[in-house]
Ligand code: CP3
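A single chain, nothing else alongside it, follows as structure tokens in the form predicted on its own.
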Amino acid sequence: MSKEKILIAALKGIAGERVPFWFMRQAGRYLPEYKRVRASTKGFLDLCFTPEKAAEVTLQPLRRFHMDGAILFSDILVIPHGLGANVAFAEGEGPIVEVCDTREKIMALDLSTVRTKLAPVAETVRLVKESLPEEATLIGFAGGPWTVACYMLQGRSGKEFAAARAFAIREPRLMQRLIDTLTEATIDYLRMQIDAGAEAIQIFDSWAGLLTPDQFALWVTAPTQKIVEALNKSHPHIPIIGFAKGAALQLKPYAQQTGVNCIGVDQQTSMEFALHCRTNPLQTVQGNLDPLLMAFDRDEALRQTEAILKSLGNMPAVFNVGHGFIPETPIENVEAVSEFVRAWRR
């Protein structure tokens, strides 16, 4: 019987001598090899939907830094595309999504087209698995329904997503319909990734911190619970990471009610608090180095990396950043932190 990969073992609650690591947004933006591939495409979505190129940029950071996990190169907004909404990425502006804030548009979202339109992503997963280092784990992902809904209701990025929050208050039934549709689409999409070879899943709810506790329970925790239950039923061997950025005091009920194998922790949340929020001995924590430290202060990033690792004690854990890398991140800083984590022993 082959030995379990270090990242998979950690996500299943086994605390090894070394803490495995990977980084959010580790593929792209700050790497010159990514920029060369990106320049050869017609745009960001073209890169996401060209399997050979998406597989290449997925694997690039592992060649440099030897992380324990490769995060699939894609985007959370492929789900609206899969449902039939128009999605584009404008240079310097970010995503532009067709606004779906009427009953007609929400009812027109088509679950039957998700697998067909997102088939290139499954092919990317298959190609990555063919070249993935034997010891590394391929992580598939999707955006949480609330976070994806934010873009579908506002049409573009924003700090507060006031349009989405106001819609949820004004039109709770339509909001529930949209969340339910996104939840079903996400389940189908993640099952497709797993069937193609993804070995673990992360659910990114990047805008969870915008909500009140009651709204958080309704729009973040409840749909995540449905996704986890569905995946556990169809693929019980696949561990699931739930990353609800900004969860704060909602982290413990989120960890308990969703049933995720691992709770992702942002840099605003102490690792000590995250460990307190675990609801069973096998539940893992993941986090939570500030990505700005990684970008701008290598010495402090290394000090904080050591502090995080020490705070974990003998608990099952995965080292990561508290959110994604920014484009200004120096390669030598990533290399230094990666080497430190790989050398660390409990």
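Worth saying up front: this structure is predicted, and the values here are computed from it rather than measured. When you see a residue number, it is the position in the sequence shown, counting from 1.
Although it is not shown, the form predicted together with the named molecule is what the next lines describe.
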Practice item. Specify the contacting stretch among 274 to 282, 302 to 310, 288 to 296, 64 to 72, defined as having any heavy atom within 4.5 Å of the named molecule in the predicted complex. Key: 64 to 72
Practice item. Name the single residue among T102, Q268, S131, S157 that comes within 4.5 Å of the named molecule in the predicted complex, judging by heavy atoms. Key: S157
Point to revise | Non-hydrogen atom contact A208 with the named molecule in the predicted complex at 4.5 angstroms | key: no
Point to revise | Contact of R36 with the named molecule in the predicted complex (heavy atom, 4.5 Å) | key: no
Review point. Applying a 4.5 Å heavy atom distance criterion, does F216 contact the named molecule in the predicted complex?
Key: no
Exercise for review: With heavy atoms only and a cut-off of 4.5 Å, decide whether P253 touches the named molecule in the predicted complex.
Suggested key: no
Practice item. Heavy atoms within 4.5 Å of the named molecule in the predicted complex is the criterion; list the residues of 77 to 114 that meet it. Key: L77, F89, G94, P95
